[in-house]
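In the form predicted alone, a lone chain appears below as structure tokens.
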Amino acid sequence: MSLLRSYLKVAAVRDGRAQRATTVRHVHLADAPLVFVPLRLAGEAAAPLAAMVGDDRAHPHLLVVTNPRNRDERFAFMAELAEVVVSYIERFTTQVEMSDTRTPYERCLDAPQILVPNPAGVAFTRLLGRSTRFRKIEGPHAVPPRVPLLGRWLTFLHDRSEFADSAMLLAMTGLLSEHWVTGQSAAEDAKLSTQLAWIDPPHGLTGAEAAVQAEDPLRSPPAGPDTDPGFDHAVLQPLIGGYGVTAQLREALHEQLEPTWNDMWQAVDLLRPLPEGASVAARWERDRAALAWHQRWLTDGGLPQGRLDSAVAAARRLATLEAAQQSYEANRAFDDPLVMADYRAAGVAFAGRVIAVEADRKITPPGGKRAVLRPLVSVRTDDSVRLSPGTRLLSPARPKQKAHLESVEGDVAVLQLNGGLGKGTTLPGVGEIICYADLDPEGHRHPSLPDLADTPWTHGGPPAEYVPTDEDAQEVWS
């Protein structure tokens, strides 16, 4: 845990209320997100038990499997879920435009956003996609056409959720932890109701007092996908698979799901008023472009996502994930001085007052033949600078103006400006308060990787053309 977040945790305990860890909201929040609260059968990896889902807080859809071990009932549940989720996604896939960039690309005008209570809900969404995207719509054990389509969309959403800059599938506990620091442990923050108790405690209670009440499974059931063992033994077990108890089972599961449903919308209400960070719109545009690309893949008859990536595809994906993570972290810091304070405390960023500028300084680079403009900027700072000379730095105030650290002597850091010095640009002025950081919002360059046909023998050689098999379609309900 960083120094700043440690301080905020102590302050939360002192004040009896969670502390804001950001000044802005670092994620896009849709006007009408789809809230998805799933439950699964205890002891089963991906056997759905029930779900509450919808984009209207006053009218949720309650879906129930009266006997999760019955295959036909499971897929009837998935067909119901597909009607809700796929219909919601298709509201966005039909409205497409071309970008006005130098290289035009398709992007949807907007994109779906699905909110689940916690990371376990995200993992369960992946399993539901894995269990349905290979199902056949003809022959033995045929399922409705929207069931495999649901599986492909859920797999796509989970794949996007692994990118730090994506907002199409989000776990609410992680989202709240990014914006608030509570006075409890990270393990306790994994329960949505106790987290909300610290952020927005009822009148007359401290966060700690409200969290104790929220820990009671009778007052605040788990947010899923796993249910409380006491509920499983006392209520669920006698009702599962019984005859004439469907109404009782639906009522029992409704009572388990409704508190989390209300918590999810309370969390949305807490996040909504936060001003959106400057870089959020660009990240959401990438989601819109990814949505348009996947819709095009489906329309053109593309195959379902494979179970495993080839060596080259896996390396490309890893490089892209790393670049997205680096870019997201840098953008958060550039958007938010409170986030940047974490980096300043760690010594990889500093802020101070400009005390001198050599605006006309020119040097001849090694191997060069003519002098080029390379201004020097001296900054007096109270921060502890733990950066080595030569480190590349950027300033949130002038992100296109590249610099590197020349030297640090006492409380004065000297920087050389190396780029972004063309017409219309301005240099930092004497007396200006400025911040520099060892962060790059553009992410790093991707490594050069071979084409699939050139995959080396050490990594299995060129992969065979992927064709879904019966093994791919094997269920993982347990």
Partner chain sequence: MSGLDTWRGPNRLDALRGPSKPVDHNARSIAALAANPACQRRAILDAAGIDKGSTIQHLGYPHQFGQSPFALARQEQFKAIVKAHGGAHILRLLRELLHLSVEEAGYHNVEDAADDNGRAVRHRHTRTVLRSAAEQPEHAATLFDDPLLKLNVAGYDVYLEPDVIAFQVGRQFHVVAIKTFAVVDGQADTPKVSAAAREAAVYVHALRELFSSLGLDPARVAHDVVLICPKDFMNFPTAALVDVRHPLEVLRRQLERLSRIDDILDELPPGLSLDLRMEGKTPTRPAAELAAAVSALEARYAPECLAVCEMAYFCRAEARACGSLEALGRTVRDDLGGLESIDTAIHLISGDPVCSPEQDAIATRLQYLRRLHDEAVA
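Remember, predicted model here, so these are calculated numbers, not experimental data. Numbering follows the first chain given and starts at 1.
As for the form predicted together with the partner chain, it is not shown, yet the points below apply to it.
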Work out which of D269, D72, E90, D382 lies within 4.5 Å of the partner chain in the predicted complex, going by heavy atoms. D382
Listed residue (L308, L303, L109, A278) with a non-hydrogen atom within 4.5 angstroms of the partner chain in the predicted complex: L308
Do R392 and the partner chain come within 4.5 Å of each other in the predicted complex, heavy atoms counted? no
In the predicted complex, G429 touching the partner chain (heavy atom, 4.5 Å): no
P375 versus the partner chain, in the predicted complex: is there a non-hydrogen atom within 4.5 Å? no
Please run the contact check for P337 against the partner chain in the predicted complex: heavy atoms, 4.5 angstroms, yes or no? yes
Which among 312-320, 152-160, 326-334, 128-136 is in contact with the partner chain in the predicted complex, heavy atoms within 4.5 angstroms? 128-136
Non-hydrogen atoms within 4.5 angstroms of the partner chain in the predicted complex: do S6, V13 and E44 all have one? yes
Within 4.5 Å of the partner chain in the predicted complex: residues from 248-271 (heavy atom criterion): none
